[in-house]
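For reference, the chain that follows is the form predicted alone, supplied as structure tokens.
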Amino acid sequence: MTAKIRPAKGAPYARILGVGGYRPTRVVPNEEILKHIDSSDEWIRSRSGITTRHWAGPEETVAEMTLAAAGKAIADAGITPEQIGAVVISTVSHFKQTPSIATEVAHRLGTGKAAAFDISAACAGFGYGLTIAKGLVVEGSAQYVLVVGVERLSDLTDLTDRTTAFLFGDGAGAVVVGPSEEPAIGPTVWGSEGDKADVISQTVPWDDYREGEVEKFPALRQEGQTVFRWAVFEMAKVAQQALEAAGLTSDDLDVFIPHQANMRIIDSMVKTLKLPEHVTVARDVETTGNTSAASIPLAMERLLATGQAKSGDTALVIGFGAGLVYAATVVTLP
């Protein structure tokens, strides 16, 4: 006789219940970047749209930034840390391989014995984490899931690299995902194009640096024009697929929150998607820079905090980056 496994029983649907963010106190203008590269403020603005970015100080570690953002998200969701059943953290800039930073965060937040793990999905990390969280809530493995994107990319920035020195910033963005009586997180359209993995990468492996084969600390590098073309043309298709998967059109959107990689990419995607004028577009990159996994939740928090978006709005979110990986979905804002 074959034993029958009891089916999982979770919530009918999942939704984002709260959002929080943390931006380091130090604001770095383009003028500071120009001390290290031969360029100009006008060139940086025209190429990226970035005027300032936040860089973390010694005390603003990945853990501390995460705790600050997570605390705000939990409070915004109206729950207590003890109710968190899982903690999912996306980061590429936590240099301690094991244990995961998520276990430390879960403990320090006071979640009890919440499941906790890190993921590495670069700038698509928030979308990956959100998808995992939705599955955990609907499957019944956790009632509430904390999802965090956090980066200290200033640690991985080569200040002498004219193509990337001005791009990256630090920060943490968090959301709490919990049960819903109606669909509030659409199907995720995600994937990877590993044949293009070298387009965005770390300059050298950690073991090369450890063994003294290279003197320069590893940093991030990218082929800017290749990334631009891929993001504008291929990711616009993915964004459209996410809309269709949710049974919506661009006319149904209130907000568009793409990964904050570059203002030119954002503006080109808006044009390619033919978004109506009523759609609010996140352009947080101007004063925050590219914060990889943290960029979407940070932009979401700012839109809600400034009143540019409101609770209940329908938003299309899409992240894309090193791998090359991507994830897009439609959500109801908390």
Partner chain sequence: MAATKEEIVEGLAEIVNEIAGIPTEDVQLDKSFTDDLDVDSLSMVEVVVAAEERFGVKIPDDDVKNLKTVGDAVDYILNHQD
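Residue numbers count along the first chain shown, from 1. On a predicted model such as this, the values are computed, not experimentally measured, just so you know.
Same protein, other form: the form predicted together with the partner chain, not shown, and the subject of what follows.
Based on heavy atom distances of at most 4.5 Å to the partner chain in the predicted complex, which listed stretch, 187-195, 143-151, 115-123, 229-237, is the contact stretch?
Looking at the partner contacts, the answer comes out as 229-237.
Is residue 271 near the partner chain? Define near as a heavy atom within 4.5 Å, in the predicted complex.
The answer is yes: residue 271 has a heavy atom within 4.5 Å of the partner chain.
Could you confirm whether residue 160 comes within 4.5 Å of the partner chain in the predicted complex, counting heavy atoms only?
No, residue 160 sits far enough from the partner chain in the predicted complex that none of its heavy atoms falls within 4.5 Å.
Using heavy atoms and a 4.5 Å limit, would one call residue 262 a contact residue for the partner chain in the predicted complex?
Result yes; residue 262 sits at the interface with the partner chain in the predicted complex.
Check whether residue 225 has any heavy atom within 4.5 Å of a heavy atom of the partner chain in the predicted complex, and answer yes or no.
Judged by the heavy-atom cut-off of 4.5 Å, residue 225 is in contact with the partner chain in the predicted complex.
By the heavy atom within 4.5 Å rule, which residue out of 36, 283, 26, 47 makes contact with the partner chain in the predicted complex?
None of the other options qualify; the answer is 47.
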